[in-house]
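Only one chain comes next, encoded as structure tokens, the form predicted on its own.
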């Protein structure tokens, strides 16, 4: 049995058996830097989105600048798509190291291999579920937002461990600057400048320092860069208007929908059609001064204001529109509150994660935070929140509550 196992093991390739010039420490280092930069962008912008939806007192977000959330979420989705070719390139460049023997040579090597396994598994999970979320294909049986956020910490932590362990190799790989033709390491073996790899480890085009090997490495890095930029450009148009004509892979046209604006959840999907179109609908406004009910005509009789604001969705799409309605701070004052009192918003929706939202005082006080009644000069379409919805600057679309039924000012019961 031992001899049989040994024969099987002898058939398993070793790192030096992989002869492509791409399996090179310098290539790995450069792709790793690009991939690491994308991971950092994803983590930071994802954290921003999470804190918008789950605020903490020590790091509050405000309404300025109005475009900030659309930029961070657009970057988040673009970086997620960019990770697809970067992850594949990184895996291809390093996969010969899977065949290192012995499997673990010490605690440092064991920590490296464990961090790599965790990093690969968690990153693949994040990329796949993130892309599915952008296309609204919820085929997984869990709450995407919560799991995606938790896994992001695993990815970021694994990246920190991996960089810490591999930092000497990264420094060596980048030390050559733009030179991809000199000495390096492949499969764990140092190679002299201009020399060949012993035991069948030569580049498939000749000596490691040959012009053809250098061209292979540069061509690979160039192809990865082009693929990453192209994929990003073909999706970024759902956020950045100049690229909209070439957004062939973007799952959503931000201007395709009622009144020239996309919709994620329809009134029918939310189960509010009957309640939202009821002629007897009235906003319940509760504050320190008591409770009052305001019909849509009552709201239209109040001072009306307009604000040009983007609606920005967590799926990455965004579009700007002209909204008209009553300032929330005026409604807060009407309910006996202060113009900067926080306001709790409740929708006609009977269920759903985003049927309620909270407007912090800084948002309430801002002149562009509206209980919107109109969109681009017309009454709100039913799918855009008729009879009334919240619109505020620098705020995730899921918190721009539609089909508003009740506003509670300043923590009033």
Ligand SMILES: Nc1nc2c(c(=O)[nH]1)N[C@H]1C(S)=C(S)[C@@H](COP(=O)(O)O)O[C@H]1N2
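Residue numbers count along the first chain shown, from 1. Bear in mind that the values here come from a model prediction, so they are computed numbers and not experimental data.
Form predicted in complex with this ligand: not shown, discussed below.
- The contact residue chosen from 311, 294, 326, 86 relative to this ligand in the model of the complex is 311, the criterion being a non-hydrogen atom within 4.5 angstroms.
- Only one of the listed residues (158, 283, 236, 262) places a non-hydrogen atom within 4.5 angstroms of this ligand in the model of the complex, and that residue is 262.
- In short, of 25-33, 345-353, 362-370, 58-66 it is 345-353 that has heavy atoms within 4.5 Å of this ligand in the model of the complex.
- Remark: residue 398 counts among the residues lining this ligand in the model of the complex, judged by a heavy atom distance of 4.5 Å or less.
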